[in-house]
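Just one chain follows, in the form predicted on its own, and it is written as structure tokens.
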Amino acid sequence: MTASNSVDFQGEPIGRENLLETVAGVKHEGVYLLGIFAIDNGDGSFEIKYFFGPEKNSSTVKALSILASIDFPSISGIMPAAKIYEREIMDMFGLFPLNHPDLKPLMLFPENWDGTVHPLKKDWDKTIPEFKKYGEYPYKKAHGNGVFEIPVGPVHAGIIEPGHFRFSMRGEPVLQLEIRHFWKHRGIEKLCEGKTVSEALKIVSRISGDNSAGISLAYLEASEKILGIEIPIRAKFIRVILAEIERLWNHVRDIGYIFMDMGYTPKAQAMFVLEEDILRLNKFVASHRYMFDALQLGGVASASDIDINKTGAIRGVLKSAGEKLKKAEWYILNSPSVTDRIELAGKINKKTAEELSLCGICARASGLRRDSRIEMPYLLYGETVQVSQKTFEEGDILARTRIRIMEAFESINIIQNLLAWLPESGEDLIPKDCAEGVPVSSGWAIGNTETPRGNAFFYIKTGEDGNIERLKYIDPSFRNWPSIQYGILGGIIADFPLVNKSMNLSYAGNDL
């Protein structure tokens, strides 16, 4: 059992009257919220599951559940991060979170969706509501003399995905930002119901294309635990190498966009050229620029095996990446016009980061020591691969940018070391029983991995036929998007593109 699948679970659901006291006790132990979701039992009852990140010096995820039929107690007064999960449950299952502080639709827009239809219930017949207006979305209002609103999106210039940002301002400072996403919700959780584990892998690996390897690994961590599959050692090495190449590529691209939004086009272009080099490397090494289908149940695809030619190509790109990143780092740290633009801007303090249960770079830049490779180690992490924790307390754009650069360098070192230690070729890339056919097993498990954006969480439950009964995925962007509303407060609207790029959150991964 890998540590990221290790769960301290209550077993039987606790009484709902004990939920708030239990959650308060869990929070007192220093854990944070990994996610909340519901399961339709098919008999008119629902199980609501709560998962919490491990305590310090532990890699065990804590979990508990309650039963509900009509409503359930909101825990957002204890853990504010719960608000969006509880709104999601209300939309998708029709369960009402009692005493919720901001109860309005999250995913199903009242302008065109019948509020009595809940798509994740077992009895939903997949009939789409009549296309008409059912109600109004209640936006927050800032009041006072001279207050005005600037709505941005959901349709944007360029190729950015849809998202709505509503700024309330008085003069230059931003008084309030309200974000509204889920314009491209694809129903992935419902789509995976009834699928085989292999069929669902094809779907989830495309949830957010630029994090395909990281998300797939979280899915495989859970599904391979259910099936009792042991990964060959060479496949473990290749999986980690591909995941770290993906991390490097994401960080390089994001640094480029930060330069671009500051107006430093030459520096941005240097990063974008490097990004293209890495994408071409992906194609050469994994047969796809975004590494789609590079990972398979039990190991990796044969086309993703790493031979001497691929090793040479990877080392060549890593050398170039190291040189260009050093120049970018020097420019960021030694150019007053750059630091003046991003230092103190987009600040998210540690307390806010804790209350919102942030993850990834957004958490580490605000002083939280959260990295799934360290907290809940998987594959070679924590053993062959030791990841050093990099955090800053400032929580601003500069802190997030510096962490990206530092982690890009670390990814380079990890990949170089794994290439040097890569077991001899000729070893199986997937177990023989997987090659002959996917085994069938029922049960449930979770998987956690550290994507370039932060923790990716999967819960998978399979039935007696081995097919998926319930799949829940929580993307790091889902956790981190609410924080941008705090990062821009008091700043100017011209800072928003930089704040946004410094987090680089996914719309597709968030929307599902």
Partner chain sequence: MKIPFTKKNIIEIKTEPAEKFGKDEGAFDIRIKGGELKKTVDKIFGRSLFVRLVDSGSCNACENELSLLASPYYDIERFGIKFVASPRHADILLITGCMTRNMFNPVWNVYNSMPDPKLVITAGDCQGENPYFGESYSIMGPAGKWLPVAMHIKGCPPEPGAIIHSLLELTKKL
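Positions refer to the first chain, counted from 1. These figures come from a predicted structure and were not determined experimentally.
What follows is about the form predicted in complex with the partner chain, which we do not show.
- Residues E17, L19 and K27 are none of them found to lie within 4.5 Å of the partner chain in the model of the complex, as judged by heavy atom distances.
- The listed set F409, F237, Y257, F167 contains one residue whose heavy atoms approach the partner chain in the model of the complex to within 4.5 Å, identified as Y257.
- Contact annotation: of the candidates P151, G115, G209, G194, the single residue with a non-hydrogen atom within 4.5 angstroms of the partner chain in the model of the complex is G209.
- Heavy atoms of K140 never reach within 4.5 Å of the partner chain in the model of the complex, leaving it off the interface.
- Looking at E343, you'd find every heavy atom of it more than 4.5 angstroms from the partner chain in the model of the complex.
- The partner chain is not shown here, and in the model of the complex it never comes within 4.5 Å of any heavy atom of H100.
- Taking the partner from elsewhere, D71 is found to have every heavy atom lying beyond 4.5 Å of the partner chain in the model of the complex.
- Of the candidate stretches 74-82, 141-149, 125-133, 354-362, only 125-133 has residues with heavy atoms within 4.5 Å of the partner chain in the model of the complex.
- Contacts with the partner chain in the model of the complex, taken as any heavy atom within 4.5 Å, map within 181-198 to F182, W183, K184, H185, R186, G187, I188, K190, L191, K195.
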